[in-house]
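Heads up, the chain below is alone and in the form predicted on its own; it's given as structure tokens.
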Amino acid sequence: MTEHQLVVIGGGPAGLSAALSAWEAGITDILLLERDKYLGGILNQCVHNGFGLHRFKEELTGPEYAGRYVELLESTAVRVKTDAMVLSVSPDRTVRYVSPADGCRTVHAGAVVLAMGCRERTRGAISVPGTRCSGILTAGAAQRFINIEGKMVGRRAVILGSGDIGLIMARRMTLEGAKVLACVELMPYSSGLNRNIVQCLQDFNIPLLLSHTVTDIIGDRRLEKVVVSAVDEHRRPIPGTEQTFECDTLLLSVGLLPENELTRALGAEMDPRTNGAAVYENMETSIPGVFACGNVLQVHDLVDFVSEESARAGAAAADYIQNGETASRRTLTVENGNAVSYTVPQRIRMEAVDQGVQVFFRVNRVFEKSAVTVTAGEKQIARFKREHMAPGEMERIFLPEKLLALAEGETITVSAEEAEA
């Protein structure tokens, strides 16, 4: 068994940012493990622009954004092992991985950062009825085939779900010469960013059918038709509303799931709202010395926010290595209130708060003029105005230390409400 100060699992934007941040904080013995052959993660297949506006103050493609971080990492002495699959992580921070170069290896770390990213939900997860023919892919798989493998996946397509990858693939398929017949969304609102609805659907006259879903798949060897129906307020198909689209491809953009098999096996406390680990204000999980960040913690909209969050996790891991475990006499629990789906972090150790804490959350319906309120018991300690909020767009608020100190009891609640007239 070899020893390292820090082991980072995942070489996508989260892992790269965490490793770089820890290095800048003075940790010189860092091992980064990535299961793919190249660093960069999902960014390598995101050839569209729109990345980096917050982090680098300019518009970059996914590979360009990843390349910036890879170049920064190459200027350090961080040890990188690609094509290395992590098999397990134990509570004492023992990491076991396997690779063609090293075989099966075991390493022990002073701290571990979990940055494994997320994966797509598949047809089996949503139980779409119909035949099991070819031509049905997740949007991310189609993106990889087109942008990395150089293979076209179809010529007439329907997209189920309006997540950002699905919206982006509607545009990409169109630019490659395919006909995208419709984007079908079960909910009465899109789950993607508004800018992607405009740039990827409206600019190409691709219809977005809200409150609709696929109710049948028809085809023998290859997909031939899909049947789409409107749904009621309970998301049940309405008889008599069926539309049939003749197509050879159905792309699924029906949600992302944090890749947390390692986290669960580790025994870390999980949050069923995010499907990620429950973390403290510094991204530390319930296992001391193990930190989580990026899409393995919560599914983000913007990679810039992934980098920011992961830098915080890397710096916190460095502090743990250098100064030991954080002690706290008072811990606040952060809960979701009215119209809020989840909050991250889930706990705040008051003694560990320096200037304040940034809280991420999502609302569960569309708001126009609105307000975000933070309460402790019956007492409101903060209120933030918003012009627009939607489930597809992550929100964040900053709670200064002096406001947190006003909290009575051990719980604070984040809620959303319509603005007062």
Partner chain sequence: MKELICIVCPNGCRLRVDEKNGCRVTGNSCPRGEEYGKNEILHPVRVLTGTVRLHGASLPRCPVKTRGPIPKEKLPEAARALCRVDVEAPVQTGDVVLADLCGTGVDLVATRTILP
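Positions refer to the first chain, counted from 1. The model shown is predicted, which means the values in this text are computed figures rather than measured ones.
A second form of this protein, the form predicted in complex with the partner chain, is not displayed here; the remarks below concern that form.
Segments offered: 99-107, 261-269, 169-177, 114-122. Contacting the partner chain in the model of the complex at heavy atom distances within 4.5 Å is 169-177.
Judged against the partner chain in the model of the complex with a 4.5 angstroms heavy atom cut-off, the residues L31, D83 and Y189 are out of contact without exception. Among heavy atoms of L87, none comes within 4.5 Å of the partner chain in the model of the complex.
Although the partner is absent here, E149 lies within 4.5 Å of the partner chain in the model of the complex, judged by heavy atoms. Under a 4.5 angstroms non-hydrogen atom cutoff, the partner chain in the model of the complex has L302 among its neighbouring residues.
Although the partner is absent from this view, H388 contacts the partner chain in the model of the complex, with a non-hydrogen atom inside 4.5 angstroms.
The listed set Q380, T61, Q358, N364 contains one residue whose heavy atoms approach the partner chain in the model of the complex to within 4.5 Å, identified as T61. With the partner removed from view, the residue among T76, S134, T333, Q199 that has a non-hydrogen atom within 4.5 Å of the partner chain in the model of the complex turns out to be Q199. In the model of the complex, the partner chain lies within 4.5 angstroms of at least one heavy atom of each of the following residues of 184-198: L193, N194, R195, V198, in sequence order.
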